[in-house]
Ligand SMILES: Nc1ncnc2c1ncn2[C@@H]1O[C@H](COP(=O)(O)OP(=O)(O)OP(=O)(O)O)[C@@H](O)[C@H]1O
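Only one chain is included here, represented as structure tokens and corresponding to the form predicted on its own.
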């Protein structure tokens, strides 16, 4: 178990934990929550050994294997699959040990001890999952939203967000007793998030997760640790249960504090009244001592809440915009346009609150960017209502921010660009005051945005949106870097917003709170989604499975399809003399039932002829698989018995070769069965 006893943790001069004590039992799934800056990541540093306690005692089992998501951006030409397989540290250690032993054995083949070590190493390699390491890694990669054709692409070919997904997959690949996850959902779409929840619910070890996603925490945790005012409090239950218990605790504390204050006032009144009277001096002195001995109940020091509101729009056109027969996508230099969505016919009306749903890569951001005028439609028309004023929150905040500029400089530019509409707040003092309402106070207003945290950048984008008084809000993953309190403030502000809202988010609590209807972006179309978010989660799991199966089948059938197409073309090619241009064909005469039966029989015969060589190869593969499987069982049985070192080493090598051969035969068997199905279609 993990134990903290009176632990003190500091960052520079700031005390983050002061006398914190808590126990985390093996197998518990813990949510670590608290305001930004409270010390959550610092506590993680204590858990992973990169930081030591400044006071008190911290302990965890030495033999525990730790897994966590590396925060650095991976830079490697390794394929995605190899990079994730490398996350299995136990397998990597055994592979290296085996390579060293094989080298030693080659130099000293008669050494009994090396032979025994080699035998143990082969057994450990099998136990560590050498035979299915690649499929396990690829299942993780596909679950996190990658496509089958991307499994063998270099890590460096992916964007930053996708590389961080690979870091997450690499951490999940590692066999661990303790799994530390710091904001694992930040780079995930809703489909990948649902998959991750399912995976973590099956994880057998101890898990500690930092997240600002309430529904994610509810789904994967059963204990909550709350950092507040340098203390660490444990609550049994998920995040929703924690909120209930904490609210009750705060209410009881406030009541106890008020009751004690009444008692203190009563004692003090007696002391003040009678301390000068000799006849009452003894009683007054006893009350002074009672007051000194009293253990004071602390007042409820609620952390400052953040709140804001959108101003009433100057006007609200209706409809906001209309999209007719449109195609959306993007154009890359020197390449043809990439069409993502076609046949888009949509209207956005005043007051609508639309949640935009869709699996990863289906075009949600493309839709939002086109409406936000960041991209042009490839075809069709997008007609805006008169006076449409869009407030756009980009998925990457820096898309609309200047890293070298300060919040104040951003606001000065914005006020100047808006011109007359912002005269009411045109002075620097007004702008400072406005930024202060978004928690940018003091010197922070002049700090370069590039040095700020993700949450601070997100708050600045929100501030700039509020200033513009939009009547249409386009929000693309606005909560990625917001803590729970700021997410709550955003939900409240959006519910009070009088304009129209279009929201892309993997935060299901926010979607449930503010959206009245949903659009589904998928398979190149934008349609209405009839159902709630629970229905959508079921749809996502089914759709992700369907997409993976389709991609897998397509990948396996590529070679078969090419060969079949070539053979079919050769068989169907007309004779040379018949290849001259011919007049327009006359309508084909009707085929009699007898002729149809003859044609069907001829087709069956041709199909059987095409299938014969494939069936022969399939039979050979099945026979060899059976023989290799039998031999593997015999060798495994031999290795369970006492053997000479040289024989053990030889058997281990043969077992390794058989495993590789069987894996290849299984791939061949799958390929041949796919070919057989294709020729029988």
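Throughout, rigid core stands for the largest set of C-alpha atoms superposing within 1.5 Å between the two forms. Positions refer to the first chain, counted from 1. Owing to the predicted nature of the structure, the values given are computational and were not obtained by experimental measurement.
Another form exists, predicted together with the named molecule; not displayed. Remarks below refer to it.
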Segment assignment from 667-675, 21-29, 8-16, 653-661: heavy atom within 4.5 Å of the named molecule in the model of the complex: 8-16
Although the named molecule is absent from this view, report whether residue 212 comes within 4.5 Å of it in the model of the complex, heavy atoms only. yes
With the partner left out of view, is residue 48 within 4.5 angstroms of the named molecule in the model of the complex by any non-hydrogen atom? no
Is the gap between residue 145 and the named molecule in the model of the complex 4.5 Å or less for some heavy atom pair? no
Find out whether any non-hydrogen atom of residue 61 is located within 4.5 angstroms of the named molecule in the model of the complex, and reply yes or no. no
Within 4.5 Å of the named molecule in the model of the complex, heavy atoms considered, which of 130, 488, 456, 476? 456
The named molecule isn't shown here, but in the model of the complex which of 451, 427, 229, 72 has a heavy atom within 4.5 Å of it? 451
At a 4.5 angstroms cut-off on non-hydrogen atoms, which residues of 169-196 are near the named molecule in the model of the complex? List them in order. 183
Spell out whether the Cα of residue 184 moves at least 2 Å between this form and the one not shown when the two forms are superposed on their rigid core. no
Residue 457 C-alpha moves between this form and the one not shown by 2 Å or more, core aligned: yes
